[in-house]
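Before any questions on how it binds or moves, here is one chain, the form predicted alone, in structure tokens.
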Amino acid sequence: MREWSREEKYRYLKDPQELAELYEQISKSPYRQTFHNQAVTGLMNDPNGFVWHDNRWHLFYQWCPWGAVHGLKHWYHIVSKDLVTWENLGVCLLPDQEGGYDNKGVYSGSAMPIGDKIYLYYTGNHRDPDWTRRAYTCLARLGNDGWPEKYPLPLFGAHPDYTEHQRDPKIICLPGSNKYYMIIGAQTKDKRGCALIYSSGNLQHGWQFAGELKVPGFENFGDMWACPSIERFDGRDVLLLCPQHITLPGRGGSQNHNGYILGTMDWDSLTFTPDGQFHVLDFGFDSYAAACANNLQEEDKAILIAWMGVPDVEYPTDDEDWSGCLTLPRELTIRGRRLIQRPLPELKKLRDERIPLPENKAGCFVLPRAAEIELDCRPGDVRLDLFVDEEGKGGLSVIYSEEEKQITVDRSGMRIRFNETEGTSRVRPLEFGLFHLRIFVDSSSVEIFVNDGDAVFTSRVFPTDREHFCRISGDTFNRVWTLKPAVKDEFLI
């Protein structure tokens, strides 16, 4: 794996043509996705600024141009009219050089459209000459001409009672209120994860520290809370967060998680009262930094998208100088004490051709590089082996045990293995058994939706040339479609 010097990681982009050769190299990779947003070059991670404005969905992502390294971050801008097909608009926010408040990175944040502008809230990662980190919450304004205008001064700096790890501002507007809130991920000086709340009557100025968010029962839950948000839909409040450096049951050696707590938020006392435990959003191996669209007008659901990756790990395409993609957008609703995540109905537009499933001697059929698989399952054991070879060996296994009432996803059979210290299998109990699977396969990923969104398993996979077969066993009714491209993978900086 390549070792990056500080100078290489934090090199400023001066001319798009500096990346032209890298893009040409990356575009030849067999692992470039067909219908998922991915890094145009280099590294992609957190989705940012997810909003509806000017008859389009706007989404930005964290982008380091030079390679698969967490170095100098930018915001890259993509748009869609239907959340299915996407278009690159190019880099939007670049770090200022030298003494700027974001001189070493435009870090994650959110957005709010007002009038004909989108206001972009982000963490400015500043480093002094001695490399001391200083975090600033910054603001930029994006007009319909596509040009961002950074405000000359930050809205505020890091609060002195916490460590320098203060980032990922999420802007919140309460219906019927003339006050705005901002929630920021943070770390106490004794290394406990928390969230800070700021408030103002104006989006552009006047922000004051309101206090630390109180979440009874979660005072010692990881050493940092990244990407926190409080969403309200379906008559309930939901606290989304990414607790770091903590192990959870059933999550192998993973130290970084993305999940949620259902409860009730009291903005007067800044108290989120949990109604139950912390749940992971995604039971798979590779999902983090989930963000909800900020101005959805429907009160019974939310729309979520996440980074299909996790921090502090490596991926096989790192050696090709690129890494990262985003999950498919999911529709969130609440059922009982759980979030339900369903693929958007619009994704059916991607279906190209329903294909027959002729089996070879090993009971396998050819798995398209971009496909949707749907299974209706009757009572009994079910097994689905994806990315096996022609003899049915290896691959990623989806196994449901009727006796144990649980589903297991195991990728240990893949020839290209990675991040094995994070664990090679994930399990989810299914109290009422298995009745439905809907699976989206792309060149280097798989997203498995269980029982109409009751559980989701998202994972990166990197099949070799031999690993393009599938085998299904159990009492199931199966349909498979090839899927059309949905992303213009073009060189636009």
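Because the structure is predicted, anything quoted here is derived from the model rather than measured. We number the residues from 1 along the sequence you see.
In what follows, reference is made to the form predicted in complex with beta-D-fructofuranose (FRU), a form of this protein that is not presented.
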Mark D102 yes when one of its heavy atoms lies within 4.5 Å of a heavy atom of beta-D-fructofuranose (FRU) in the predicted complex, and no otherwise.
no
Check Q62 for me: does it contact beta-D-fructofuranose (FRU) in the predicted complex (non-hydrogen atoms, 4.5 angstroms)?
yes
Considering non-hydrogen atoms and a 4.5 Å limit, does beta-D-fructofuranose (FRU) approach S459 in the predicted complex?
no
Does Y107 reach beta-D-fructofuranose (FRU) in the predicted complex if we count a contact as any heavy atom within 4.5 Å?
yes
If contact means any heavy atom within 4.5 Å, which of 274-282, 147-155, 162-170, 316-324 contacts beta-D-fructofuranose (FRU) in the predicted complex?
162-170
Just one of C138, A226, L339, A291 has a heavy atom within 4.5 angstroms of beta-D-fructofuranose (FRU) in the predicted complex, so which one?
A226
Which of the residues spanning 444-466 lie within 4.5 Å of beta-D-fructofuranose (FRU) in the predicted complex, based on heavy atoms?
none
